[in-house]
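The form predicted on its own is given below as one chain in structure tokens.
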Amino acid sequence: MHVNKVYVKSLHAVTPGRHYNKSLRDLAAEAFLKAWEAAGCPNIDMIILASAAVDIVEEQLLSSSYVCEYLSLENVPSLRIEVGDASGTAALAYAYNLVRYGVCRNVAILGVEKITDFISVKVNKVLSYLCDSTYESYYGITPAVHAALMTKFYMKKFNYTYEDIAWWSVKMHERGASNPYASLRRKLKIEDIMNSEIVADPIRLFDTAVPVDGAVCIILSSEKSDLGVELAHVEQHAYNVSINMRPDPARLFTVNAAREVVQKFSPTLFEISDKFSIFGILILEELGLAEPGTAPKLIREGTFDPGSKVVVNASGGLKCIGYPMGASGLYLSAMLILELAKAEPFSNVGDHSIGAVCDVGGTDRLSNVLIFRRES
């Protein structure tokens, strides 16, 4: 069977934040139209909408069709993919196969969320839907509670203090301060992290990625583009077991399952889903970038800083970009593509030809790993 190489034709990311003056469809239109124009206005064979909460916040089903209508794409097929906060990379994986096997020539993956119009109680309620609605969220459990439990188990297991964990956030803010695509662009000291408000003991406010509005569009194509970046491989893994039933709550089992693909392609540039500090630490260890129990020490020492042999989250990660739920993985992917293309503001990240995005849905319910490669 003939298969195509899959190239990134173009992309556009709206700077995430609180876009009170724009609707969800406005954000989607801005991202799509600018990416489409950058690609040379090609015929789009399919639109894939990635959103975790559009039906909740918009009270709208068939959302991909109505977004297409707003874009005046009257006859373009569309669908929506929802797997929580891993929706964006799941949509990329689906589009990858459409292009690779010749079903489509150009596919636009459009990730969008609009959640900051609600008060914090409502936002937290929406986020809680990522947990089990029957046994967890009904009783007030949120993803932050899961992260707090994982952090406690990890600290006890490897004899770390909270300060050791907090260095993840310090390092992310060093990177994110110069990223125009980040919603939080300021450096922080360790004291700032440790003195911030407790969210769920022991994690604090600056351990979390703040919920934001956002939209990003990536167009995949069987035709090369000036970006010179190929989506070379996708993998998806699942572990459909609740956190309280797992043999070790301080593990990300779906990420560990992706270790082989990392070994196979040997990427040296990573963008990973650090919606909480503990997720960033665990992903490093589960992918084999750090031995178990060593990630906090390596992070503090600057082992994964820009300019190093292996660079992690040169963008500042979700900690600084923000957390647009289902669009999160698309933002990480867009940042990695720009880094591989040596586009501003990432021209000084270093000379890397292969990168990987590791996106996690919920509390390790699933993970998507995407390998991007710069053409030589």
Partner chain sequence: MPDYNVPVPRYWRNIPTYYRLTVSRCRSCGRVYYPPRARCVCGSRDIEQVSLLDACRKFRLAEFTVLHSVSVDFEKQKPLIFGLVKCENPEVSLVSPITDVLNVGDLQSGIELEPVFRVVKRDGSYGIVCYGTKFRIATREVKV
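Positions refer to the first chain, counted from 1. Remember, it's a predicted structure, so these values are computed and weren't measured experimentally.
Absent from the display: the form predicted in complex with its partner chain. The rest refers to it.
*asked:* When the contact criterion is heavy atoms within 4.5 Å, does Ala200 count as touching its partner chain in the model of the complex?
replied: Judged by the heavy-atom cut-off of 4.5 Å, Ala200 is in contact with its partner chain in the model of the complex.
*Applying a 4.5 Å heavy atom distance criterion, does Tyr101 contact its partner chain in the model of the complex?*
Although its partner chain is absent here, Tyr101 would stay clear of it in the model of the complex, with no heavy atoms inside 4.5 Å.
*Should Lys187 be counted as a contact of its partner chain in the model of the complex, where contact means heavy atoms within 4.5 Å?*
No - in the model of the complex, heavy atoms of Lys187 and its partner chain never come within 4.5 Å of each other.
*Is His233 close enough to its partner chain in the model of the complex to count, meaning some heavy atom within 4.5 Å?*
Judged by the heavy-atom cut-off of 4.5 Å, His233 is well away from its partner chain in the model of the complex.
*Listed residue that, although its partner chain is not shown, lies within 4.5 Å of it in the model of the complex (heavy atoms), from Ala238, Ile141, Ala177, Val210*: Going through each option in turn, the one that passes is Ile141.
_Answer option from Asn195, Ser242, Thr161, Ser72, heavy atom within 4.5 Å of its partner chain in the model of the complex_ = Selected residue: Ser242.
*Among 284 to 292, 265 to 273, 200 to 208, 78 to 86, mark the stretch whose residues have heavy atoms within 4.5 Å of its partner chain in the model of the complex.*
Comparing against its partner chain in the model of the complex, the contact stretch is 200 to 208.
*Counting only heavy atoms, which residues in 122 to 137 are within 4.5 Å of its partner chain in the model of the complex?*
Residues within 4.5 Å: Lys122, Asn124, Lys125, Asp132, Thr134, Tyr135, Ser137.
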